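Both blocks below hold the same protein chain, though in two forms, and each is given as structure tokens: structure 1 and structure 2.
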Structure 1
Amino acid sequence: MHPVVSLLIQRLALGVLLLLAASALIFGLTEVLPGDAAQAILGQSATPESLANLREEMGLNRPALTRYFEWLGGILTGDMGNALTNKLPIADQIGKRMSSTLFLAFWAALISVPLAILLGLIAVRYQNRWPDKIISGVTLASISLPEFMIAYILIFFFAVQSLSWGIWGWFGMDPVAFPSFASVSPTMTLGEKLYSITLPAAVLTLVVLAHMMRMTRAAILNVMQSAYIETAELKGLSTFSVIYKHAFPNAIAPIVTVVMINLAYLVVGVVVVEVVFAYPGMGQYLVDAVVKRDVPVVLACGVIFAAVYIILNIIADVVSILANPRLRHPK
């Protein structure tokens, strides 16, 4: 068998193992910590007898391992049980909210990935000159702020203050203010949906852009400092063909890794940004459930977020194996 194939199979098997272990860790955490679903339903003042009855009824007395496999089987088959607070099936809620979250994350990724790679290239091209310094300064500032702060700064300026800016008049437009509450529904046109998510998508873009750009810059600089780039330059190749033929093929793997790691980072950013903009997605559902101590919902959402994060990291791993010419053509 080709060594790359066996390496890939090995990585994928490890990935599946990691997914299982992560789900067990998340389930186990809620097991070992005090309080359970019965306690949450009945509250602090429940008598020991009623607690015991409810535990019996809900099957909480059975061994944790049995319940873990039941829960895992449920997640895999799309039956996640009912929420404690409103008794509605969790899977229905997640089905609805997942598409909203994916819509937001998709547009943020679509803008930020090409932009980050472009800015990274510019920063390398003008290394240590003013474009590089400006880009580095702005990214340092946005890394130093939590996501929700960037969100409120954007809301303050583009949803409130922008109404009083004179700049709109120059273009013969009425003042524009973007909505500070975002929501999408199936009846909206694409344009309406995009207008609604302008600000949350901008926040997510800014957050991952900074990380992605810094890492892209570092990855390309690393490649550009290799001996073979110097050789190519000394051969008299033009800057374009040095970058296109020699630097780019070797920079694919690190750049793809950077992109995937940042898409995974987007998964976390989305939680906070959805809360700020009251956007009805998975993140808001998760945080609501944590506040209401609705453990089944927290478990379901938590494991989905963790799984997406892990899967994106596995994809990054696989792509970097496939893109590595040394592994594809072993000696």
Structure 2
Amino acid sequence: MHPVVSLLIQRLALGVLLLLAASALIFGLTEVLPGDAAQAILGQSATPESLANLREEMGLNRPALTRYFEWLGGILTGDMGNALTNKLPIADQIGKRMSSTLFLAFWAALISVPLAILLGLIAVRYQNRWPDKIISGVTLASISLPEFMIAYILIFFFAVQSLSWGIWGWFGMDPVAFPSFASVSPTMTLGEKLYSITLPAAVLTLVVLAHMMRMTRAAILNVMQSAYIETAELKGLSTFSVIYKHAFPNAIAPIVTVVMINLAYLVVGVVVVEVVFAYPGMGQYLVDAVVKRDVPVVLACGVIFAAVYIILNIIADVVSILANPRLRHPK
């Protein structure tokens, strides 16, 4: 068997095992949560009969291992059950919420990924000069601030104070106030959707852009120490040509890895951003379920987030293998 095929099969098998382990961990964590889920749902005034009926409906009177395998079998067949709070099918709700989260993540990624690579190339080209210092300083500040703080800063300047802020006049534009509560619906046009998600997409872009740009810069600078780079410079090639044509292709493996990790964050780690902007995505759905102790919804969201993260990491591994001859031919 070809080494590449063998490595790919190993990565896929490892991904399946990791997903099974993540599902068991998520189920186990919901089991050890303090308090009684039935009591939390019905309230302190619930009668013993109603509590017993709800526990029977939720299956809490059965062994945890039995309930885990029943739940896992339902997940594998696409049956995630019904939410406890509204009795609606969880799969249908997640389908709507996931489409909203992917819409937000897509536009944030569309802006951040090429911009991060471009800024990384510029930072390397002007290493230790003012463009590099400005780019590195801004990205370091973006990494240092938590997402919710960046979100509130943007809300203050572009939603609350936007109409009275003079920056729009600098560009000859009329004052524009972006919505502080982001929401999308199928009836909205693409322009209306983009206008609605401007601020949350900007927050996500600033966060992931900083990580990807700094990793791009570090990966290319590491390659720039190689002997073949010095040979290319001695041939008289321009600095940007050396970086773009020789250093960047050989630094693609770590760059792809960090890009995939940040893409996973755009889908999995948007909980804080969605809560701040009341965006109807998976993160908001998960938080609402946690508050209401809707265990089936928490389990379904947790498994989906784990699956997305594992799949994107497998893709990063595969691209790294295909891009690196030493990994393609490990012997």
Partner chain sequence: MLKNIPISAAIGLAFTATYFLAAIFAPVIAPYGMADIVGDVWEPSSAEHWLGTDQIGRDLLTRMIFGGQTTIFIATAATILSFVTGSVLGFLAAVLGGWIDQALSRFVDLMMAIPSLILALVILSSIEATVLTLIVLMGLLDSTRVYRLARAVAVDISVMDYVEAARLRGEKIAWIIFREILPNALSPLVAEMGLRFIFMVLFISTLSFLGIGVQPPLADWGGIVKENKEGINFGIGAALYPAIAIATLAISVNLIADWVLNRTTSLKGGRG
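Just so we're on the same page, residue numbers count up from 1 along structure 1's sequence. For clarity, every value in this text was computed on a predicted model and none was experimentally measured. Take the two forms, find the largest set of C-alpha atoms that superpose within 1.5 Å, and that set is the rigid core.
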Practice item. Compare the two displayed forms of this chain and pick out the form predicted on its own. Key: 2
Exercise for review: With both forms fitted on the core, give yes or no for whether the Cα of R129 moves by 2 angstroms or more between structures 1 and 2.
Suggested key: no
Exercise for review: Could you tell me whether the Cα atom of V268 shifts by at least 2 Å between structures 1 and 2 after core superposition?
Suggested key: yes
Review point. Keeping the rigid core fixed, what distance in angstrom separates the two C-alpha positions of K235 between structures 1 and 2?
Key: 3.1
